[in-house]
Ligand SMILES: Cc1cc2nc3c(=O)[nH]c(=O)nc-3n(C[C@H](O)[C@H](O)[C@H](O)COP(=O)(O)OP(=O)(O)OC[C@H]3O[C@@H](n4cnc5c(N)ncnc54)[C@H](O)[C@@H]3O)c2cc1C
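Given as structure tokens, the chain that follows is alone and in the form predicted alone.
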């Protein structure tokens, strides 16, 4: 890997980057060490150039949007972190929206509502970006991205190919897509919605947001729901029933408001979070026999 050459090429291409950049500010957990390089493309075409450069110089690469479902190692990432939150193009055509991977889901839901398009109400209040939502098939309140996704455009970090995935080829399942098993990075997405009544759409969105504020610890940094839904049981309810609300390791704590959230009460490290997750999984298994699965993606070198 040739970091010097990669930086020279990024400079020549006039692409914004920084060295030895703490990643904590780029994650919703506000946890994580520094990346050797952080790169900030401003368009899909620029992102493709960035990936071409990093691939050409064999620089290890990780991709972040709003960093809402990730935990970054305290030791950081010895490679390039490409932050796609600057990819913000969004076009509405009839009942179709085509948007870049960095568009925030909440903003996208507002855009849909403005054009009286229904189908994205569930996404209002989800703190991630469109790319991250497709990657993990994000959903809430009975809706998920599989219900509205027509196609997605990607860059393949292994082959350098730019291509398109359509329909069932996304292999959507609960908190899963084909992207989770590949080296492909989502650049943009096309969604199919339906015409509806704007007042009804906005009322539904506001109801969902009220429920989030009432039930979720939005006042603290977290990575959202820490664990996946259980097979035949409600994970957060089980965690609560075994008495884990309020359990803490360092600055990491099981939320008193919602047992499905591990929150950063202040100064939490990745090690704190991982230790607490292990305790939760172990005690739930010991007391109930249930195996629970972590939903958060851990980033390390």
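Residue numbers count along the first chain shown, from 1. This structure is a prediction, so every number in the text was calculated from the model and none was measured.
One more form of this protein, predicted together with the named molecule, exists but is not displayed; see below.
**Q** Within 4.5 Å of the named molecule in the predicted bound form, heavy atoms considered, which of 81, 97, 126, 120?
**A** After the contact test, the surviving option is 126.
**Q** If you check 90, 178, 162, 140 against the named molecule in the predicted bound form, which one has a heavy atom within 4.5 Å?
**A** Only one option qualifies, and that one is 140.
**Q** Considering the named molecule in the predicted bound form, find the one stretch among 251 to 259, 235 to 243, 62 to 70, 33 to 41 with heavy atoms no farther than 4.5 Å from it.
**A** That would be 62 to 70.
**Q** Could you confirm whether residue 300 comes within 4.5 Å of the named molecule in the predicted bound form, counting heavy atoms only?
**A** Residue 300 lies outside the contact set for the named molecule.
**Q** Consider residue 185 of the chain shown here, and say whether it contacts the named molecule in the predicted bound form, taking contact as heavy atoms within 4.5 Å.
**A** The answer is yes: residue 185 has a heavy atom within 4.5 Å of the named molecule.
**Q** Please run the contact check for residue 101 against the named molecule in the predicted bound form: heavy atoms, 4.5 angstroms, yes or no?
**A** Looking in the predicted bound form, residue contacts with the named molecule include residue 101, since a heavy atom lies within 4.5 Å.
**Q** Check whether residue 136 has any heavy atom within 4.5 Å of a heavy atom of the named molecule in the predicted bound form, and answer yes or no.
**A** Residue 136 belongs to the contact set for the named molecule.
**Q** What are the residues of 195 to 231, in order along the chain, with a heavy atom within 4.5 Å of the named molecule in the predicted bound form?
**A** Sequence-ordered list: 212, 216, 218, 222, 223, 224.
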